[in-house]
Structure formats: structure tokens, C-alpha cells
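One chain follows as C-alpha cells, the form predicted on its own.
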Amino acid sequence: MTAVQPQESKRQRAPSKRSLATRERVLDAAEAVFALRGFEGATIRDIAAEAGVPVGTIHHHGGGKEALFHQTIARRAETLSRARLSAIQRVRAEGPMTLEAVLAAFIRPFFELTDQDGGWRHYARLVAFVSVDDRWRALSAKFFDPTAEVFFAELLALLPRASRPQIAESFVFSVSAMLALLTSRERIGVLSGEDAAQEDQIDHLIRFCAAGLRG
């Protein structure tokens, strides 16, 4: 007769606080290194050095380099999506629905999150990498496209004379402009010779993108 194992032995032990903290440190390091060097230029050793842990710890918490890149993209995606969907729900509730309001609901949450945590600026660079490389198309489809479709539908309703390809093109241009401002804001000051308030730059970005969509 086979002895019945205690129920507790069948349960997978929950990660300890120390393990969870180490994993976050690994992902923070991976985010920073991938943002600086890109996927190709980053190495597991670079990430281990940035995190201050042995190479084996990186493999334990992240797997190989590609698996670690996937985890790094996934970590903040839900937070960004929730912030954007909450913003567009407020626009629907308050009205009126305009191009500027829809774009603001998509753009502003990323900047607000970046203000709260500088790691989001690294994340913006990773999103830019994912957006332009077909190798990561599955990542975009899983983590970014469902939310983008919500905003895309609003733009289609607001621009009934525009074709879907035209709006898609303008939307991608708008996303690129947003990521450029998130990751290289200082460049504007270099070219203009003076610093501008971030809020002014975001307002200008929204007006710029809306004008492009209308055009």
C-alpha cells in the first residue's frame, strides 16, 4: 500500500522575500544593460556585474539571455497597459473625445511612470528596440498590441475619412515620437540652446501627433 504524501509536500514553496528581491535586482540590471547595449551587445556577465551577483544567479532567475529579455519586457508591460486603459476610461467618462484627448491618454501615462521611477526610461529604450525589430514581433503582439488596438479604435472613430493603413502609419509615427522624447529629451535642449519644461514638451508632442493624424 502506497503511503499518502502530506499535502504540504506537494505544494511548491513560495519564493522567499530575499529571492524576490534578488530577482528584481537581476531584472533591474538586465533592463539597464539591454537599454544601454541592445540585445546583441549585452552579455549575461554584464548583467551579473550590474546586479552585483554571480553569473549563476542570472541563469537561475532569468534563464538564458533571450528568456531574460522577454521577462524584462513583460515586467512593466501590464502596469503601462493599466495606466493607459484607466486614462482612456476617464476621457470617455469626462468627454469630449478628441484626438488630443485620446493621444494624451496614451502618451502621458508613460511620462508619469518615468517621473516616478527612472527605470521606466530604460524600459522606453527597450520598447523602442522591440518596436523596430521583427524578431520581437511576438512580444509586441502579446504585451503592447491589445492596448494599442483600444486606442486605434478610438482614432478610427474620430477620423472616419481616413483609411486604416493611414491611421496605422500615423499612430506608429506618434509612438516613435513619444519614445524619442522619453529617451532623448536632452537633445531638444542641445539643438535649441535652452531647456524647456517637460510639461510643455509633452503638450507639444500631443499637438504634433494630432496634427499628423489630421493631415
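These numbers come from a predicted model, not from an experiment. Residue indices: 1-based, along the sequence shown.
Absent from the display: the form predicted together with another copy of the chain. The rest refers to it.
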Is Arg25 close enough to another copy of the chain in the predicted complex to count, meaning some heavy atom within 4.5 Å? no
Can you tell me whether Ser131 touches another copy of the chain? I mean in the predicted complex, with a 4.5 angstroms heavy atom cut-off. yes
Would Lys142 show up as a contact with another copy of the chain in the predicted complex if we use heavy atoms at 4.5 Å? no
Residue-level contact is defined here as any heavy atom of the residue lying within 4.5 Å of another copy of the chain in the predicted complex; does Phe69 satisfy this criterion? no
Do any residues of 40-61 have a non-hydrogen atom within 4.5 angstroms of another copy of the chain in the predicted complex? If so, which ones, in sequence order? Glu40, Gly41
